[in-house]
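So this first bit is one chain, no partners, the form predicted alone, shown in structure tokens.
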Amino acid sequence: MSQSTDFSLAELIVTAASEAWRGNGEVLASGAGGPLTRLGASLAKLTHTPELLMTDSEAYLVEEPIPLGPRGDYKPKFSGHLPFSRVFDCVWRGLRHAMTGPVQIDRWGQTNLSMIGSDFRKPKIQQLGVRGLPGNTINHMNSMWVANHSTRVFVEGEVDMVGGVGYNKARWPAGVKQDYVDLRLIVSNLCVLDFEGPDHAIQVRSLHPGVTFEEVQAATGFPLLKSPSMKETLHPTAEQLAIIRRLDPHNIRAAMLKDNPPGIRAA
């Protein structure tokens, strides 16, 4: 199907994020990083991976993703009960893939959404807290979303507080099994990255239209690799755009990036 040329950066990101769940099978898809990641998971279910499980974000599984914002006359199509306690069953068994929005990421994929500063007892900035990152990152698939790709997010050394587990061998006690960690994609406003380099090194998988590798590297605090198959991020198709706009009838996505930039950056 042909790609479109009339789309916003937010819509490009939703489409790129949806690829994180491609081929995952019957797992719980959680777009936990905000409206764009939720739309990405929803788009994945309605296009390439229909067997994904989705919730109403309260206590039920739904047959189809629920639109963002006020629902009007829309009636969710419930298919089963999934209270919070059962979500943990999915987490512990590895039957979940979450896309979160950390405030810091380091070269090992360790993430932080807790605080900024060198002393956690007196942080410069207090964030959400560690929350579910430790258990989530050690038990099931994880991807990430970054709205402003910069060295403040992709830090030079370690993140200020390791909340999400990564591939830093120095952080693992001797003899502990490490192969449950499964980090997939990072989608930012500049590019898509993955962990498929040597020893899980982060590499650029695709560049958003009009963005160069040099720009991405300058906005990253550690060296990046180029994927052998690095390309331009695929544009959304007309079908994908129609689904995104149906799932977000109030255009909440437009407020997720400053000034709602176009998907194809001007030269």
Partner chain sequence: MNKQMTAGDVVAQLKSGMTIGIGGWGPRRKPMSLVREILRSDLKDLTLVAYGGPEVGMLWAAGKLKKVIYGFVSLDAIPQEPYYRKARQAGAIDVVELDEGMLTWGLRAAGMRLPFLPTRVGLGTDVMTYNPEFKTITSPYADGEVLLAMPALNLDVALIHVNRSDKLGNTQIDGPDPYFDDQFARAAEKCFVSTEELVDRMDFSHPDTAKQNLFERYLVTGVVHAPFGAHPTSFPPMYGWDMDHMKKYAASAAEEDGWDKYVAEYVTGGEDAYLEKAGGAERVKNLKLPVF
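Positions refer to the first chain, counted from 1. Treat the numbers as computed from the prediction; the structure is a model and nothing was measured.
FYI, the form predicted together with the partner chain isn't displayed, but the following is about it.
Q: Please tell me which of 124, 152, 75, 169 lies within 4.5 Å of the partner chain in the predicted bound form, judged by heavy atoms.
A: Checking each option against the partner chain in the predicted bound form, the one that comes within 4.5 Å is 124.
Q: Using a 4.5 Å cut on heavy atoms, which of 192, 146, 141, 133 is close to the partner chain in the predicted bound form?
A: It is 133 that has a heavy atom within 4.5 Å of the partner.
Q: Taking the shortest heavy atom distance, is residue 212 within 4.5 Å of the partner chain in the predicted bound form?
A: Flag for residue 212 set to no.
Q: With a cut-off of 4.5 Å between heavy atoms, is residue 56 one of the residues that contacts the partner chain in the predicted bound form?
A: Because a heavy atom of residue 56 falls inside 4.5 Å of the partner chain in the predicted bound form, the answer is yes.
Q: Closest heavy atom of residue 83 to the partner chain in the predicted bound form, within 4.5 Å or not?
A: Answer yes; at least one heavy atom of residue 83 falls within 4.5 Å of the partner chain in the predicted bound form.
Q: Spell out, yes or no, whether the shortest heavy atom distance between residue 157 and the partner chain in the predicted bound form is within 4.5 Å.
A: Outside the cut-off, so no.
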